[in-house]
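Single chain ahead, by itself, as structure tokens, in the form predicted on its own.
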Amino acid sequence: MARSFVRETDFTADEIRQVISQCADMKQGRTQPTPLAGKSAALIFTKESLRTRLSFEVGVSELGGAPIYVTDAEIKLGQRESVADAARVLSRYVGLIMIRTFEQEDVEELAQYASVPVVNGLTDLLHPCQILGDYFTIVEHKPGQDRYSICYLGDGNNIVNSWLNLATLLPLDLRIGTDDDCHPDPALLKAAQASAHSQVLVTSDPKEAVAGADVVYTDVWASMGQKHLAEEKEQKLRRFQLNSSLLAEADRSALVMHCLPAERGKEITDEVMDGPQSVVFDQAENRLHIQKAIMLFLLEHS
């Protein structure tokens, strides 16, 4: 049966460490495997994209494969035909499927019926490739630590949900600074808070969230599909803006992170995003390297 990466918990902690190590090797040029040589990969997008599309297209090419960009106009997943039938058909043509879409259930059903690996490029619930790339970026800039204190400021969206999943696997001190009306997924929060090796705090006090953190992370206040709530979210979350004053509450060597695209002047200010502590564009680059490592792992274990 093919291995897929639909949510962070599809990997064990040891497997995540293996993927991180392989990512470092490929980024530094020590290895350049081509497991997709002679094969194609279907890259399905029902949401618009810049980083996800380009990083996967380049990544598939560098792994020896041919990327095929598929939009909602062609596939209309679950409408023109069932998700299960689409999975079975795609598996006859390609060696791997990546999908960036709205519903987590669609990705899980695709993985259930596909006979090739399926990679979750993003859903409204989770953004697993982003979070593994972010963790790799943290390890790259702060090597040798067994545990990181990570502060997230803003809306309880798919980024936060993915950090919560990662906290069930790896030791993290995760602080989530958000409004009481903007909490992350309650089931994922409960699971992370029950983890024996991580600490998870949700607070409405931004200074409490940031205090002494190794990493301060933020994202847009209204995600794709929620732009009609932008004004409401801004009113609730503006006190969580990542600015120089709030960043001063973190560790002096704290990393500043943002998954992009950013709405500068709202959730993050220019002086912070462009400042010396920012690794925002390293994060963006590392999407390519981590996704190559994820695809390599899945193809080797399928």
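From 1 onward, residues are counted along the sequence shown. What you see is a predicted model; the values in this text were computed from it and never measured.
Missing here is the form predicted together with a small molecule; even so, the following discussion is about that form.
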Even though the partner isn't displayed, in the model of the complex is R175 close enough to the small molecule, meaning a heavy atom within 4.5 Å?
no
Would G29 count as a contact of the small molecule in the model of the complex, using a 4.5 angstroms cut-off between non-hydrogen atoms?
no
Given that the small molecule is not shown alongside this chain, does E48 nevertheless sit within 4.5 Å of it in the model of the complex, heavy atom to heavy atom?
yes
May I ask you to check whether A66 falls inside a 4.5 Å heavy atom distance of the small molecule in the model of the complex?
no
If contact means any heavy atom within 4.5 Å, which of 269 to 277, 234 to 242, 29 to 37, 255 to 263 contacts the small molecule in the model of the complex?
255 to 263
